[in-house]
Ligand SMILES: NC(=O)c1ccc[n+]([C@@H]2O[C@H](COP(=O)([O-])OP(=O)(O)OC[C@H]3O[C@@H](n4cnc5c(N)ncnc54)[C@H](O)[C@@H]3O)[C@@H](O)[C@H]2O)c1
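Next up: just one chain, as C-alpha cells, the form predicted alone.
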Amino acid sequence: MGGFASSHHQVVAKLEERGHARLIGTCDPRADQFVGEQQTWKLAARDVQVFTDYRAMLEACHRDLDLVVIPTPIQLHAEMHAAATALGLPTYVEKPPTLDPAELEKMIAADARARKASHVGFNFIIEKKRLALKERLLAGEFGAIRGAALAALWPRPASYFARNNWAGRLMMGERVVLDSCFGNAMAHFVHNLLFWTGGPALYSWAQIAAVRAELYRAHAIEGADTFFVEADTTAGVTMRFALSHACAGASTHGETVVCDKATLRYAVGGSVEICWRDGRVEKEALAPFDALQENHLDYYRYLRGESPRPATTLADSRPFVALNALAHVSSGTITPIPAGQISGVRDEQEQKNYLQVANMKTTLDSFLAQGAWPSAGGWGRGPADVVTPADLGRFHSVVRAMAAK
C-alpha cells in the first residue's frame, strides 16, 4: 500500500467512481501500518478485502478477477506474476518487470498461461503526440535516424536511498535488484529512447548490438547513482544516455532524436520541438497527461478487446532489460566519484541534504554531444569494455562481484 502502490490505489479509486473498474482485494504484509490510507481510500465502504499475503488474496479472489496489479519491489515482480498467470490472470506489472534477462524470459513464458498478455508500466509510450511523431519517423518525413540521446538529472537526497531495504541495492540474497536511476526511477525515459529508434512497426523497440558504459556512485549505496551509457542498435543508430541522482536543484530530462532532415527534442510534461535543417522550427506544448490513469484505461481497453495489444508487453521489455544488464557488464565495476568533486547542498525548504558533483552538467553535455567519457576527465577509472548480447552470460557473475565489493 505504500510507495508507488499508493498512486495505483488513488487512480483505481477515481476510475471506480467513474465506473471503469472495481477493486476487489489488496495486499500488504504490513497492512496494519496503513490504516490511515485505508480510511482515505474508503476500502471498507468499497467492500475491498485486505490481505497480508498475496497468495491468500489470489486464492480467495481469483475467480472474480479480470487482472492483477503488481506495484511491488522489483525483486518480487517475477514470483507474483507467476502466481497470477498460473491462475490465468493477466497482470499490470510496474516497470521494470525485472532487471535480470534470464528472469524476464521466464516471465514471458509464464505470461502465455494468462487469458491476455500482461502490461508493463512504462507509462509514456501511449502519449498521443509521441505516437504521432513515431508515425512520422517511420514514414521517413525526417529522414533516417542517425542518433538519439537522453539527458536526465533527478536530484535525490540521502533519505531516498533509505526509504526501504532494496533502494540502491544490486542484489538481495540471490535475487538481482539493480535499483538505479537507469533501471528504475528514470527507466521510462530509457525505454522511450528505445521506442523512438525502433521499427518498422509503431509499437517496436530498438534491438541492442553493442554497449559501452561507465557506472559511478556519489552516495553511500551498493549500486550506481550515475550512468553514462553508449549503445549501438542493430540498425546502426548510436544512442547515448547520461543520467544521475547525484545532483541538486531542479530535475531536468530530455529525449533527443537526430535525423537527416531534422532534430526532435521531446520533454515529458513539457514540449516537443522539431528543428529542421532548413531553419524551420516546430514547437508545441504537450497536453496534460495523467500517465498512470491513462495506462490503466489503455490496458482495460485491451482486456475488453477494444485494442489489439498492451502498450508495452513483457517481450517488448527485452531491449531495455538487456541494455541495463549490458551496461553493468561493460562497466565491470561501480566507481566512486572522487570525494573532492562532491559537495553537500542543503535544501532548507525541503529540509533535506543533497550531493552535488562538480561540473556534472558540463560532463553530461560533453558526453552526449561529443562522446567524451568521464573516465577521460579524471573520474577515477579507465575506459570500459565494449560488450554485445553475447556477453549476457557474464551478467550474474559481474553483478555478484559488484555486490561483493
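It should be emphasised that the depicted structure is a prediction, and the values quoted were computed from it without experimental measurement. Note that residue numbering begins at 1 and tracks the sequence as displayed.
One more form of this protein should be noted, the form predicted in complex with the ligand, which is absent from this view; the next part is about it.
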### Task
Could you tell me which of 269-277, 256-264, 300-308, 69-77 sits within 4.5 Å of the ligand in the model of the complex, going by non-hydrogen atoms?
69-77
#### Entry: Within 4.5 Å of the ligand in the model of the complex, all of Gly25, Arg115 and Thr313 (non-hydrogen atom)
no
### Message
Give me the residue from Arg212, Lys95, Arg130, His219 that has a heavy atom within 4.5 Å of the ligand in the model of the complex.
### Response
Lys95
### Query
Though the ligand is not shown, can you say which of Pro90, Gly121, Gly198, Gly168 has a heavy atom within 4.5 Å of it in the model of the complex?
Gly121
### in the model of the complex, Thr252 touching the ligand (heavy atom, 4.5 Å)
no
### Query
Can you check whether Lys134 is within 4.5 Å of the ligand in the model of the complex, heavy atom basis?
no
### Task
Classify Arg30 as contacting or not contacting the ligand in the model of the complex by the rule of any non-hydrogen atom within 4.5 angstroms, answering yes or no.
yes
### Message
Whether Arg163 contacts the ligand in the model of the complex should be assessed with a 4.5 Å heavy atom distance threshold; does it?
### Response
yes
#### Entry: Stretch 1-36 - residues with a heavy atom within 4.5 Å of the ligand in the model of the complex
Met1, Gly2, Gly3, Phe4, Ala5, Cys27, Asp28, Pro29, Arg30, Phe34
